[in-house]
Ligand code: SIN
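Okay, so here's just one chain, in structure tokens, the form predicted alone.
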């Protein structure tokens, strides 16, 4: 369903920069490519926007040269578009040097009940592997994400709040941080995952589980198995024979499992054992893959995934 248009306001920056060669990521001139041209060069942008775009070039500068007059123009336009019922969100292309200042200025002067999303790039548009196009796609994902509101910044797949965002590295593609508070969320394959403390559906099951625990119900047996070089399925087969009710897989990478262990897990699932796939990686979570036969967990560490699966089993059923 079309929920309105997205207004894109361009201000220049590295995302609109040009260099003399594709291999030059530092010796470029910022603010050379118009925002309309930037958008037209990104495949899939219209699909990501989920509706029409309105594009305006507010400025064309290197953000180190940000002026109060540009802030004034941005704020005035944002105020107008935030009050427009046909506008669902605003996306602003910006240079990285002063993005955090512009974000905080806008957050301070706007009562933004809709998302105002600033995005940028650390490599110019002429780079061999520019990061601007992907950041634009991510900005559209945030602009259309349920629950998005206020002034946000998106870079390298990370969603930052205006208050916390800070540039912390002079040339790394992932140059921004939200410090000790951490990011608000992440964009993964076109979808926003907000940083949440509890999944509503799981919380409901956990309440039912607590009642059963209070009434003396036995705790389900859930074990953790890990994937590693040379992993086999013997341990899984033995656990199934021994009556295990759930297995959490600490898989490698994005949920990858050795073929012998995979076969044993599939046998266990057929036998009625609840399976949840996590990752042994310390950061991120497993993203869905087409054709995967084993269900993913809730994006938690293996030990926390085990707690969740115990509560699901106690709560009277398994979450899809």
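Predicted, not measured: the structure shown is a model, and the values here were computed from it. Numbering follows the first chain given and starts at 1.
In what follows, reference is made to the form predicted together with succinic acid, a form of this protein that is not presented.
222, 244 and 312 - do all three of these have some heavy atom no more than 4.5 Å from succinic acid in the predicted bound form? The answer is no: none of the three residues contacts the partner (heavy atom, 4.5 Å cut-off).
In the predicted bound form, segment of 254-262, 269-277, 43-51, 26-34 with a heavy atom within 4.5 Å of succinic acid: Going through the listed ranges, the match is 26-34.
So succinic acid isn't shown here. In the predicted bound form, which residue out of 38, 286, 58, 61 has a non-hydrogen atom within 4.5 Å of it? Only one listed residue qualifies here, and that residue is 61.
Contact residue in the predicted bound form, chosen from 103, 74, 91, 122 - any heavy atom within 4.5 Å of succinic acid: Looking at 103, 74, 91, 122 one by one, just 122 meets the 4.5 Å heavy-atom criterion.
For residue 132, is any heavy atom within 4.5 Å of succinic acid in the predicted bound form, or not? No, residue 132 sits far enough from succinic acid in the predicted bound form that none of its heavy atoms falls within 4.5 Å.
If we define contact as a non-hydrogen atom of the residue within 4.5 angstroms of the partner, is residue 97 a contact of succinic acid in the predicted bound form? Close contact exists here: in the predicted bound form, residue 97 approaches succinic acid to within 4.5 Å, heavy atoms only.
For residue 167, is any heavy atom within 4.5 Å of succinic acid in the predicted bound form, or not? Looking in the predicted bound form, residue contacts with succinic acid include residue 167, since a heavy atom lies within 4.5 Å.
Report yes if any heavy atom of residue 10 sits within 4.5 Å of a heavy atom of succinic acid in the predicted bound form; otherwise report no. No - in the predicted bound form, heavy atoms of residue 10 and succinic acid never come within 4.5 Å of each other.
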